[in-house]
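A single chain, nothing else alongside it, follows as structure tokens in the form predicted on its own.
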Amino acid sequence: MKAFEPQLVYIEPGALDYPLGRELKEKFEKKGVEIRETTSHNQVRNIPGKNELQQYRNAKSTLVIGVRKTLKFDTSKPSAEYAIPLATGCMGHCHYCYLQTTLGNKPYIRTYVNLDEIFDAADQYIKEREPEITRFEAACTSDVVGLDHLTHSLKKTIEHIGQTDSGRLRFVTKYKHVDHLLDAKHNGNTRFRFSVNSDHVIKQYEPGTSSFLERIEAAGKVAKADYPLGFIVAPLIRHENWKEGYHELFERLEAILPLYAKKDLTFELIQHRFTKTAKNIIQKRYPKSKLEMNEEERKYKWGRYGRGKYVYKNEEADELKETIQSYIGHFFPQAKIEYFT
């Protein structure tokens, strides 16, 4: 698939005070992309479209160049201690994505240009926790790899964390556009993770992302660049012939990864879940989606703050867990399964 290119760009006040802001403005001017000014990303209005659905899809190809004013990082358990804010929003159209609700009324993509200030804040967090390791997650609210061929913000972050003794970086992607990251001086401090799934799930529910084989090929490139590697297998969906589909996934991963990369692999396993709010938004945004969201066939699992979600019933979840863990144990006996949820 082609790398993301915005069709419309907004620039926030102050963004042009930073080198990256000026660089991006010049880049998009040369490409002939329409550029508008806005007083704040919250004031982004008049995104083209005859109806709300069209406006939503056009917002997904809209980029806001902004300044991250809040430099207090959110926590990011269990993945990391903190979320490092590089971007929000995503160009993908995954039907099940949790960003459907968290960024429901702001589906445009926003990239932050005050990187030195963000890095200074990260350094302070590292210093406060030393000598303990401090992990930063860069993909809580966006797929930064899908955007980084334009900004190189992630590459700069990889190299900044690579210079630290106690800092570590983590992120996950569904995109194949990794070539510019392969020569980054990561010094082993960044774990590069791919969100992978069966070919069926990717084709049915993840439009606008790299294909099954493209992600596997990209993972092979990243492994050969000596990054610590990981995979998030999510959402695990019990579709027709799901056992065969997931077996093919691990079989192909095993075939492409070099032997040394298999000694330090991590897997994170997440079963499909949804909330009533998310279901309503998904059905509105993707009315033809075949994503199964029948509450009567699910178990309601209470979460934090008195809110819950629908997950598979215990017997089905246990079968998913045991099957996927058995595949990992067979193809990657030295890998670490960080959690199943």
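The first residue of the sequence shown is number 1, and the count goes up from there. In this text, all values refer to a predicted model and were calculated from it rather than measured experimentally.
Only in words, not in the display: the form predicted in complex with a small molecule, which the text now covers.
The contact residue chosen from 71, 270, 182, 256 relative to the small molecule in the model of the complex is 270, the criterion being a non-hydrogen atom within 4.5 angstroms. 232 is the sole member of 265, 232, 222, 216 with a non-hydrogen atom within 4.5 Å of the small molecule in the model of the complex.
Taking the partner from elsewhere, no residue among 28, 58 and 147 has a non-hydrogen atom within 4.5 angstroms of the small molecule in the model of the complex.
Heavy atoms within 4.5 Å of the small molecule in the model of the complex belong, among the stretches 133-141, 119-127, 183-191, 157-165, to residues of 133-141. Contact between residue 204 and the small molecule in the model of the complex is not found at the 4.5 Å heavy atom cutoff.
Of the heavy atoms in residue 79, some are within 4.5 Å of the small molecule in the model of the complex. In the model of the complex, residue 7 stays away from the small molecule, with no heavy atom inside 4.5 Å. By the criterion of a heavy atom within 4.5 Å, residue 211 is excluded from the residues contacting the small molecule in the model of the complex.
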